[in-house]
Ligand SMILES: Cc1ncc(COP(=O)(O)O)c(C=O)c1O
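Given as structure tokens, the chain that follows is alone and in the form predicted on its own.
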């Protein structure tokens, strides 16, 4: 062992993250690999309408000035967020980042470490476990009930001990699209010890059809130890911009904001986010496109006899009509890119992002062709 390697953190020496497998491939890479002139990318839960026209306009106006340092702090952004949510929380209760993932990473770095523990449910977003592991923490994965909706509250409470710091809840759930009943989140929030923080990742909130939802902001207003996570990648259609935020109680947010550094968010992301917050028409149009596309795909799944899970998001998880890798490869060769649910713990399943009508129809036709139903 070299002198240098003796200074490496022990828990990172054997840690490996295969981004090639976990993160999937881009449209450009897929088209090059498979020789496709046209590809319907339905694999990453992106908004098929793209970004807000107002955000695009703001980016174009800011491009001539990117040689200058832009926003020194997130002051304008957190005040815009406070206004967007009718001042239910103070501006300094928001924690901004390059995507909700950076806020999640910040939570892991500030609350976890060797000898500490976090809890997450599965199936869910695989990155939760990664951030726990990269800090040297013990990650306890608690399976959802077999219906892929209900938390196993008994198992979660058994897993909590004096070393537990975070419980990460993915709601609505990725890759399932389900919503955990509010009554279960209420029980969890009401009964966790004071040293445990519940992270409520609700980045798909724009597509919710569930009225009785367990909003993080409601719990935070009650002073509960909860952190909410939102993103501009889904409803706002700006995944490539990498912009997101968290929000919590004054005590937790003050602690997290100690890490805020100058020029944290780049100029183009900042102006795009500020503009997108004002474009309610784009959000409503996106919600309508997703709702109509979801109804079409659900009906087609019923017709094909494919089991699927009712979704409150912009994607649908379905049971693969054949071996998962084989079906994904077949769809790709027919110009439709989808995502394995197995990456996030949903074995035997495939996740398809709801697209525009031509993409949805291409997906259905490719499925029918594979199943020899056409």
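Numbering follows the first chain given and starts at 1. On a predicted model such as this, the values are computed, not experimentally measured, just so you know.
Omitted here: the form predicted together with the named molecule. The next part is about that form.
At least one heavy atom of residue 125 is located within 4.5 Å of the named molecule in the model of the complex. Taking non-hydrogen atoms only, residue 99 approaches the named molecule to within 4.5 angstroms in the model of the complex. For the chain shown alone, residue 243 is a contact residue for the named molecule in the model of the complex, at least one non-hydrogen atom being within 4.5 angstroms. At a distance threshold of 4.5 angstroms between non-hydrogen atoms, residue 179 is out of contact with the named molecule in the model of the complex. The partner is not drawn, yet in the model of the complex one stretch among 206 to 214, 154 to 162, 226 to 234, 284 to 292 has residues with heavy atoms inside 4.5 Å of the named molecule: 226 to 234. Listed residues 170, 137, 269, 93 were compared with the named molecule in the model of the complex; 170 is the one with a heavy atom within 4.5 Å. Annotation for 254 to 289: no interface residues with the named molecule in the model of the complex [heavy atom within 4.5 Å].
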